[in-house]
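One chain comes next, on its own, written as structure tokens: the form predicted alone.
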Amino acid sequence: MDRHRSRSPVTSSHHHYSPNKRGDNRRAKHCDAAHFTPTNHHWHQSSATPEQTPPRSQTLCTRREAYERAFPLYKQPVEVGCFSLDSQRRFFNDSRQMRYYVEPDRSPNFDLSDGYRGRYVKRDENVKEKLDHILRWIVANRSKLKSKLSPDASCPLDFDFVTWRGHLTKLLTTPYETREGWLLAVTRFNDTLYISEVETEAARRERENRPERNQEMMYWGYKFEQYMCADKTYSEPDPSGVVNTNEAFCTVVQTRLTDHKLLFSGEVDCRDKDPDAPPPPACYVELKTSAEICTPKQRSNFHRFKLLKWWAQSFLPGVPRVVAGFRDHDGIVVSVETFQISKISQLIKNEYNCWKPTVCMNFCCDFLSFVKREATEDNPSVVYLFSWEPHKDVTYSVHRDSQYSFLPDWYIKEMTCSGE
């Protein structure tokens, strides 16, 4: 599961995966002639009357047909480290929270509501951690990143972007999202762009007014992990224990999307305990729950909506498979199924008007180019706030010394010293 929201074992570069070849190389349709410069980018500058001199208002089109072109180069993600968060959400630069996948019985009959009333410690959702844990990992691993350090003292990190995997997942799914918008704060510091999510007002209202049933269903996902994971390679799962959502194990990976060098982190549910399993991230397993599928309409919706988010979340860090527990209305798991990320595009190919991996990746790539082009001031107190609502273009505003600033002073000091 990905707490920062919402292919067969990897052996070759992701850019070899082009799941929609028939449609990929067609010329992208224009969103709107006004949204394109002569170089065919999806941004434009609004005109202003002589009496007005507003800040530049630039937008990025999100219509999916604009991104139906060849699948972009996506380098094989490489794990450069990991970290753990304990039961009190304290950071540790190690793998102490790693768990191990245990194959369930064919008819598991797991009760996902067990422990909800008395054995559940829930992370405080009012605490906004921003990028703090990733930044702690960067500071603690500067020696490990030495090969990534630039000789230029003004550019200590040789990455274009630092962010959470969950933020990138939101970008991948944007061309197909119809309900939830997003706010992404961007700061350029030492020529690296840091991306941190800001909770929207709509998301805050939903969180604060979440029905009891929805809160219990959120617990179900964590409980499923408890049924499926062991703390040691030689032990078995212990579903009688406490579910504490403060605890997490996170991978840190580096990769490249066309000319964008990325460093991002994402939570990992568990890993294959076979000693002959491939190295991370190809040994990792993502765990999910979903309502059991009883009708063709339910199967179509599962393919069109849920598999999109599952694919995006796991494809980005190179996690090769999702193990899903299908549960009934009362939260009893009736079956478990494994989905290979590399085969999901085949599963959905016959769905009418379904999502396309190439559209997801091309939009993400163009958004990162858009951010590079617009977020130009190298200053940790300046935030470029990128905003999007369904069926609209991406827009942004600029904020100086504001509530949106998210790079902590301790990080700025550490990284400024490291560059000298």
Ligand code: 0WD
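The numbering used is simple: start at 1 and walk along the sequence shown. None of the values given here were measured: they were computed from a predicted structure.
The same protein also has a form predicted in complex with the ligand, omitted here; what follows describes it.
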| query | finding |
| --- | --- |
| Accessibility of shown form to the ligand in the model of the complex, site-C-alpha superposition, 2.4 Å backbone/C-beta rule | blocked |
| Answer range among 281-289, 112-120, 325-333, 69-77 for contact with the ligand, defined in the model of the complex as heavy atoms within 4.5 Å | 281-289 |
| Contact residue in the model of the complex, chosen from His167, His303, Arg136, Lys261 - any heavy atom within 4.5 Å of the ligand | His167 |
| Sole residue of Arg142, Lys273, Arg89, Arg188 within 4.5 Å of the ligand in the model of the complex, by heavy atom | Arg89 |
| Tyr176, heavy atom within 4.5 angstroms of the ligand in the model of the complex | no |
| Proximity of Arg256 to the ligand in the model of the complex, heavy atoms at 4.5 Å | no |
| Interface membership of Gln226, the ligand in the model of the complex, 4.5 Å heavy atom rule | no |
| Exercise: Glu129 in contact with the ligand in the model of the complex, heavy atom 4.5 Å | yes |
| All of Leu85, Ser265 and Gln313 within 4.5 Å of the ligand in the model of the complex, heavy atom check | yes |
| Any residue of 192-208 that, in the model of the complex, places a heavy atom within 4.5 Å of the ligand | Glu197 |
